[in-house]
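Two forms of the same protein chain are encoded below as structure tokens; each is given separately, as structure 1 and structure 2.
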Structure 1
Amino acid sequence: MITQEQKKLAQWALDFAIKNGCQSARVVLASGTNSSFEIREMKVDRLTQASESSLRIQLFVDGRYGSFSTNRLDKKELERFIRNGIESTRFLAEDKARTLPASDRYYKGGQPDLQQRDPAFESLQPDDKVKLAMSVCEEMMNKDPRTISPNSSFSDELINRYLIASNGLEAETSRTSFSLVASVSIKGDGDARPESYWYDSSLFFDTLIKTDIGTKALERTIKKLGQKKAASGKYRMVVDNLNSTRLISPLIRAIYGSSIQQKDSFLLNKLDQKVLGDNITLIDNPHQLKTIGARYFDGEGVATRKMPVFENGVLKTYYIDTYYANKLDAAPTVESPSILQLQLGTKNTDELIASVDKGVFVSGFNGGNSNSSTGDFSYGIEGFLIEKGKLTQPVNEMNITGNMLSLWNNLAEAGNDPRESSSWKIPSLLFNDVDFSGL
């Protein structure tokens, strides 16, 4: 946690900035520690550990704005650092839209602990972390003669943040995270070297999945052997829960205040209009205990709340921070999503596949892009043909093309299996009439 001495230092820095020419200011003090252990073929390939503290101060000076960071937290050095920051800010162009949020929008405290921090974090030993990464790598070693260079990694992080602002904000948060990753490639036909990965992440070490990470990575890779293009055409498409967020990301980017203000959004002027299918309800639900992404306030200190993003296909909100609210002369919301939850269906990935007579199961995206202004997209994919509810031929070097609004209006069914390791709870998805190009 942030110590009382660190809090006093942050308050001193804020007061010093105001006394030396700022009309308003915000200070973000962060401290934390992290480690990572990478294993290649059962040998430690890289080990990193770091602990650091930093102070970021945002200065509002004569209608101008500057943001400056340092990890040198000695008062004498901070005096010079802040004075230089104030003088530098005076050289910047005036931007009256840069202001602090209204004080009544700040998080005021008093809510239950969201339990984002593992109290056992400091007691974990480096040797145990290495052993865990080794065990993941061992799951892939010598299991198939075609295996090439199995890799695994373990990483963890503790980050504490303390925010104060000259118009009344004081907020604090502490979060831990842990992750295990496995990746592997194998020798295929000719020059083919299919590869894949699997991972898990968690706020708490005890709930981190520690077995079968390597096994699943290897299984996913072996299934890619014999990949080829399939015939072009319209197919039903199932996207697994590891990749489904890729298809919702363009929708979210299109409702950021920056995209709206720059008129670079295919959802411009669509608020309270029906843009997606009736079966699509997406909720931002930030106050969930022990859940990745939970928070009581955003990066500005503005209080978060549960709110609909899309409701039965109707766009209900934009993500507009203070700056873009001022630029747009619009009501601010919060700067970004917290925990996004798509309304779930009743089937898991396997059951969605079983419901498809002819289609493509997408287990990975390989490049591509989505036009933020129009919503038109083209993505490279890999996966498997679905024939009579079964996965058959592995496919790759195929593209899906279309428009995001049309795609989501063709959502036939959402699964019931979002990954808990992501703050975006997007399950596997089944779409109708998707254009695939291949042979």
Structure 2
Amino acid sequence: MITQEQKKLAQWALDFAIKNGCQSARVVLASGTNSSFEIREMKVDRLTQASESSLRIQLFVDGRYGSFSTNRLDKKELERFIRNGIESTRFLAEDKARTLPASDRYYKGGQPDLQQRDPAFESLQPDDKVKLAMSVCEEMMNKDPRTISPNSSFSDELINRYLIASNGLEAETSRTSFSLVASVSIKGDGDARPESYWYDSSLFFDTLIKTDIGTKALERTIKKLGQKKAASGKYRMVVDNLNSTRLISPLIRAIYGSSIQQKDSFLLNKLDQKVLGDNITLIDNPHQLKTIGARYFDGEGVATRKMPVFENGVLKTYYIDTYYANKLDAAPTVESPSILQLQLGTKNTDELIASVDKGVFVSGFNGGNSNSSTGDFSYGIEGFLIEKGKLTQPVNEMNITGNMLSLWNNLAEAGNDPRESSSWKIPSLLFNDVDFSGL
């Protein structure tokens, strides 16, 4: 947790900024500790441990704005740092849109604890963390003579944040996270050594999945042996729940206030219009206990709320922070998503695959990009051919190409299996008519 001493320092910095010429200011003080233990072939390969803290102060000076961060938290140094920040900000052009949020939009407290912090964090011992990572590595050892360099890691982190603003905001968060990762390579015929991985992460040590992480990584790797390019053409595409968030990211980026105001969005002027398929409803649902991504306020301290993002394919909101709301002369919402939930279907990944006569199951993306202005995308992929409901040939070195709006209008079915370890709860997805480039 943020100590009283740290809180006093943040308040002192805020007061100092106001006394020295700022009309308003916001301070974020963050502190945390982290550790990581990486195992390779049942030997500790790397261990890292550290604690850190930083202070960020956002200054609103004579209608101008600057943001300044440092990890030097001595008051004398901070005095110079803030004074220089104010002076630097004064050289900028005036920008009347730069304001703090109206104070009635701030989170006021009084809600139940979202339970983002595991009290057991401090009591975990390094030896126990190493043992856990070893057990994950052990699952990959001596199972297949073709495997190379089984690797696992345990890492944990505690991050505390304290946020205050000169117009009445005081809020804080404390969040822990724990993760276990396994990766392994395999060499079959030829020079290729395909690699795959599996992981779990959780806010709480008790709920972290601790078994079968290595086993799954190994299974996923072995399945890759014999990858080759398939013929170019239009296929049905199933994307697994490890990779499906990749396809929602361009949609979310397109509805940020900055993208809209800068006219760099393929969803410009589309609010309350039907832009995606009828079967797509996406909700931002931020107040879920013990859930990754849960929060009562955004980075500006503005209270979050449950809201639809897309409803039956209709765009229902933009993510507009105070600055871009002022610039757009539009109502602000919140600056970014918290927990995104896509309306689920009834099938898991295997059942979606079973429903496809001829298609491609995408189990990994490899590079690519999406044009933020037009929604045109092209991504490298790997995965498997689907033939008569079954995975057959492993494929790689192929691209999918299209447009985000066309793609999401071709969503045939969403699965029912989003991963708990992601704040964006996007299940496996089945799309029709996707252009694949290969042979």
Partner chain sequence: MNYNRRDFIKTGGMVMLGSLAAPALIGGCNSGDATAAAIGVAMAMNHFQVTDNDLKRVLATALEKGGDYAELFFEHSFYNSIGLQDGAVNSASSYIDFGMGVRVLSGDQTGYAYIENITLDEMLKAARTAARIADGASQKEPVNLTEKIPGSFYAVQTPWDTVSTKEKAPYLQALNDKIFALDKRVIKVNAGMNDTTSHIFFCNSEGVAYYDYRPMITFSASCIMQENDRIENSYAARAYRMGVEFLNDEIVDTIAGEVVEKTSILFKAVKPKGGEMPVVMGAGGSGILLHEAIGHTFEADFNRKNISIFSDKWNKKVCNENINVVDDGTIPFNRGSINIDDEGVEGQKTYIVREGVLTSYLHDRISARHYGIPSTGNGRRQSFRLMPIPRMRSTYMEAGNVSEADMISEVKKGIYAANFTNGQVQIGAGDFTFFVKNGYLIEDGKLTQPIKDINIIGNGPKALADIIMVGNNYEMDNGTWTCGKDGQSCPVTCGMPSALVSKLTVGGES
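In this text, rigid core is short for the largest set of C-alphas that superpose within 1.5 Å between two forms. The model shown is predicted, which means the values in this text are computed figures rather than measured ones. Residues are numbered by position in structure 1's sequence, first residue being 1.
S.K.: Kindly point out the structure, among the two, that is the form predicted on its own.
M.R.: Answer to the question: structure 1 is the form predicted on its own, whereas structure 2 comes from elsewhere.
S.K.: Quick check: residue 93 between structure 1 and structure 2 - does its CA shift reach 2 Å or more after fitting the rigid core?
M.R.: Where the cores coincide, residue 93 still shows a C-alpha shift between structure 1 and structure 2 that is 2 Å or more.
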